[in-house]
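Below you will find one chain, with nothing else, as structure tokens; this is the form predicted alone, and questions on how it binds or moves follow later.
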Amino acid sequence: MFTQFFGNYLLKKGVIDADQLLTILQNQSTVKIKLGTLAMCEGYMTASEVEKIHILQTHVDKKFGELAIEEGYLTPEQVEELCTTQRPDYLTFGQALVDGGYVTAHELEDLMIDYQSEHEIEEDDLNDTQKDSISVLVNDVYTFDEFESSSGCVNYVTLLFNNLIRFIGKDFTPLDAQILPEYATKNCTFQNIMGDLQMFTGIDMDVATSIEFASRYMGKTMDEYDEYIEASVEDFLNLHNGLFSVNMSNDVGIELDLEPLGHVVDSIISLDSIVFYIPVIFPFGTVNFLLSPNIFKG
């Protein structure tokens, strides 16, 4: 999750804009992490040393690792380690930034340090997918003061991002939340959560994005919007809400019930309180996740 939120961090810093973020997400799957980036990540080399090797490579026909060993920056054992050890996803995102010319190696190094410092992220946390670690980051980015249980909302959103990674893919960036008195839907599936914690939940996107979302969820390519696409999106929301309900019961003893799913198209969701929504950018489009303290009957 630290990779996904790093994109949001760069947007807020003005390092990239939304169109550039989308391009990076679309290109991520083809990016190959360079040895210099790996060496910099492990603290074996500085950005200046990496750039020096790159300059040397323009004069001699040798691989990065060979030159780094010759210059005394790396040992043969370190090169072997860097070439064989699995690396965290955030490095792929960082490499895409550098390859696209959005930042230099120096700038990437500084941005990663600032990002970790601002959110008090330890190096080990960058590979951590534990709920507690991600909840801290979600709590840093989103405020749920309008809800009766802000901790319940943090748990909901934390699980949501984990389920997106699990069922849809890791190539997304969640943006800052928007808070509105009402929300204009495109193609929205919703479900009310009742019981000790009451909450309206929804997932909204355009038709083209719905097709790609459902294709990933079902694990097969779908070309046209039909009842199977709608059912797939409904199944994702219902599954997520079901897992959330089980977790809340097991972890904190809060018992919840799920109302039947609803669906609205090109409608206005207007509640007695605010509609809180989180846009999540995927390479195939933007998915908006909706939350509200009040229920919606459609």
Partner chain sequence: MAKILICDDSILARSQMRDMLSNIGDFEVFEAKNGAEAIEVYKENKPDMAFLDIVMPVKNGIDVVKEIMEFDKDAKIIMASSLGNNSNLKAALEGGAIDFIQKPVDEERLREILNKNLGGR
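From a predicted model like this one, the values you see are computed outputs, not experimental measurements. Residue numbers count along the first chain shown, from 1.
Heads up, the form predicted in complex with its partner chain isn't pictured, but that's what we're talking about next.
K.L.:
Among the candidate residues V264, A47, V252, L243, which is the single one with a non-hydrogen atom no more than 4.5 Å from its partner chain in the predicted complex?
P.N.:
Contact check passes for L243.
K.L.:
Only one of I33, I69, L239, L56 has a non-hydrogen atom within 4.5 angstroms of its partner chain in the predicted complex; which is it?
P.N.:
Selected option: L239.
K.L.:
Counting only non-hydrogen atoms, choose the one of 244-252, 48-56, 269-277, 22-30 that falls within 4.5 Å of its partner chain in the predicted complex.
P.N.:
So the stretch in question is 244-252.
K.L.:
Look at the candidate spot formed by M40, E77 and E80 and say whether its partner chain comes within 4.5 Å of a heavy atom in all three of them in the predicted complex.
P.N.:
Per the other structure, none of M40, E77 and E80 touch its partner chain.
K.L.:
Within a 4.5 Å heavy atom cut-off, is D257 in contact with its partner chain in the predicted complex?
P.N.:
Heavy-atom contact with its partner chain at 4.5 Å: present for D257.
K.L.:
In the predicted complex, does I179 come within 4.5 Å of its partner chain, counting heavy atoms only?
P.N.:
Residue-level check for I179: no, no contact with its partner chain.
K.L.:
Report yes if any heavy atom of D145 sits within 4.5 Å of a heavy atom of its partner chain in the predicted complex; otherwise report no.
P.N.:
Judged by the heavy-atom cut-off of 4.5 Å, D145 is well away from its partner chain in the predicted complex.
K.L.:
Do M218 and its partner chain share at least one heavy atom pair within 4.5 Å in the predicted complex?
P.N.:
Yes, M218 is a contact residue.
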